[in-house]
Structures are given as C-alpha cells and as structure tokens.
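Just one chain follows, in the form predicted alone, and it is written as structure tokens.
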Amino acid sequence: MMRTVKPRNARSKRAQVAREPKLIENTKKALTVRGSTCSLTVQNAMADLVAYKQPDVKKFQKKNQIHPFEDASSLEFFSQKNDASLVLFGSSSKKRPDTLTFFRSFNYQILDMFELRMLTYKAISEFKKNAVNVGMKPMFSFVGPIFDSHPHYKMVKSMLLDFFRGEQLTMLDLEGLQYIIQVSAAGDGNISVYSGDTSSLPDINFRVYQLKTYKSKTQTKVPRVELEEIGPRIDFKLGRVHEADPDLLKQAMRVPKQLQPKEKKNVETDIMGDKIATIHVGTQDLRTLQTRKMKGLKKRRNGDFEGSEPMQEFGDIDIVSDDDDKPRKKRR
C-alpha cells in the first residue's frame, strides 16, 4: 500500500482532493496490463474490448512479471497509482493459453477477479464495420438462467456491467444507444448439476451488435430495427475465480444515508409499477356537506327548514263537519 504524502503545492492538493471519497463517485477507470508472456491475439482482444470503454481507459505497453492469483499486490499498486478500480490483465502460457483476467478493487484492495480463457476470437477488423464511436453507452443482454443462479456467473455478470458502465447520466440521447453487447451461456441454471471444478461449467459467448433503424414499410411511425454484428466475437471458458471477502464486499455495497431513498408512508407499488396510496380521512359531519341549493332546504332563523310545518299528534287533529262546506252569508 502507498503511504499518504502531504501535498506540496496547489496542483498536488487538487489531485489528492479528487481521489477522496465522494457521495457520487467519479467514473470508474480501467487499466490494460500485459503479463510477461502476452500473445498478439490477447493484445488485440484487449484492444477490442476496451474500445467500448473509451475514453475511461489507460493502456500499459510494457510487459510485467505479474501472477494475479499468486500475488495481486502489483495490480493493487497500479490501481492506486492510476486511480483505477478496474484492471484487464492479459497473459498467455503453455498451461493457460490466451487468458484474460478481470480484476476489481475497492479502496485499492483486491475485491474479486476471475479468468476467462479464449477459445475462439474474431477481431473487429474482420467485420464489415471496423470502427467504434467513442463515448457511446452499450446496452447489455444476458441470455441464460445460469447468470442469476450460479455464483461464479453472477460475478461475471456484475463485473462486465461494472466494466462497461461508463459515466452515470440522468438523461441520454437515443442516438447514443447504438451498441448491444450480448453475453450468453448454456445450461438450465441448476447449481447441483455442476461440480466445484470450473471445467464442467458451460462456455460464455460474447457478441457485439450495432442497432440500425430503417424506414418501416407500413404506415406506422415506428422504424424497423435490425442488428448487425460488428465484433469482437469471443467464446470464453471460465477459469480460476477469486471470490470477494464478505466483510469487504459489505463495505463496497454500502450506500450513504444521503443517497438512500426516503421511504414514503402509506405508498406502495403494485406489480404493474403503479403507485397506490392510502389516505386517512377523519369523521365527516354530513350536516355541513354542501349539496344542491334549493329553496326548500334553506334554514329559517329558528333552525327549521322552509316549507316544513310542525307535526301534530293524532289527538290534536280537528274534525271538520259537513256544515263547513256550505257557503256562509256575508254580514253587512
């Protein structure tokens, strides 16, 4: 581990402040490091992979006597020296030919890593379009239930998403979504089928497509979408795996309180994504309820309604005789 040096000038102080922990971290940078024996195939594969990571990548040109699974201190040093938490290490030997090692660190300490041995490889230059635009955000598609069930393949999925994530944006132009990276693996996802040896695990197929839109033949405004493979095309075999330490992984996954979503009371979300809220209403007085204004519903000063007469009991009712129907004479 590197010792902390007190800054001597304003430039070094700004650089030191830029590396301090933040609520929203900077975009993760990646390094490409060559081993003592690195074939031309591995070098081309590394260049093709990091083409979709540009411009957040730094390439090392010299060879390094490093064995990550035996001693990862050199990669930790490179990670802290260049402020990069992702490392792509390439090597080739008689025992493990054409191997790529994905390395991820937290607080400049090794978090997890795994090996991918290349079985087949077709470079970008062998396809029709051999240029990759810089600054694009590729979309991902993982095909196979094993990526959600097996712990090793979960690590592969998490590492690839972290490697090609790029800058976190709140808004994105649809023109920037031009590439689709598809990672597929066979298997039914049953962990009990596979033994502890990684040689029995299924291969990982890595494909990259470009999304193209054409004018639809119908009258609809929705364009016709087609996918064209642009490379690289690589088939991997999973090799050695270094799983993350549970305590270190817990620290890496911790979310600051300032960024944690505040829980809203009495608000739920159903399976369709709609928000459902519960509103508590107090006891209502129906006498004060505003209704349609009618003359018969107006109140008098004594509190009675207009048009209403007091009810009389049956014993107080006057009986009218038949004589009342006869006309009376007027008095002079």
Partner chain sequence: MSDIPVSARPVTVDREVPVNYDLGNLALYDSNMLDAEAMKSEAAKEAHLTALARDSAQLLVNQLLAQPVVTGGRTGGDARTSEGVFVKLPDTVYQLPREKPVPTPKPPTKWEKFAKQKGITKERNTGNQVYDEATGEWVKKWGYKGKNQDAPWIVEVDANGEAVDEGQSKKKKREEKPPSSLLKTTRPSKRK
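No experiment lies behind these values; they were computed from the predicted model shown. Positions refer to the first chain, counted from 1.
Heads up, the form predicted in complex with its partner chain isn't pictured, but that's what we're talking about next.
A.B. asks: Look at the candidate spot formed by 61, 135 and 264 and say whether its partner chain comes within 4.5 Å of a heavy atom in all three of them in the predicted bound form.
C.D. replies: Negative, none of the three is within 4.5 Å.
A.B. asks: Give a yes or no for residue 41: in the predicted bound form, does one of its heavy atoms lie within 4.5 Å of a heavy atom belonging to its partner chain?
C.D. replies: Residue 41: no contact with its partner chain in the predicted bound form.
A.B. asks: Can any non-hydrogen atom of residue 140 be found within 4.5 angstroms of its partner chain in the predicted bound form?
C.D. replies: Residue 140: yes, in contact with its partner chain in the predicted bound form.
A.B. asks: Just checking whether residue 71 would be counted as a contact of its partner chain in the predicted bound form - the rule being heavy atoms within 4.5 angstroms.
C.D. replies: Output for residue 71 is no: heavy atoms all beyond 4.5 Å of its partner chain.
A.B. asks: Since only the chain is shown here, I'm wondering whether residue 200 would be in contact with its partner chain in the predicted bound form (any heavy atom pair within 4.5 Å).
C.D. replies: Looking in the predicted bound form, residue contacts with its partner chain do not include residue 200, since no heavy atom lies within 4.5 Å.
A.B. asks: Counting any non-hydrogen atom inside 4.5 Å, which residue from 240, 237, 81, 224 sits next to its partner chain in the predicted bound form?
C.D. replies: Comparing distances to its partner chain in the predicted bound form, the residue within 4.5 Å is 224.
A.B. asks: Though the partner is not shown here, which residues of 138 to 173 have a heavy atom within 4.5 Å of its partner chain in the predicted bound form?
C.D. replies: Sequence-ordered list: 138, 139, 140, 141, 142, 143, 144, 145, 148, 154, 157, 158, 161, 162, 165, 168, 169, 170, 171, 172, 173.
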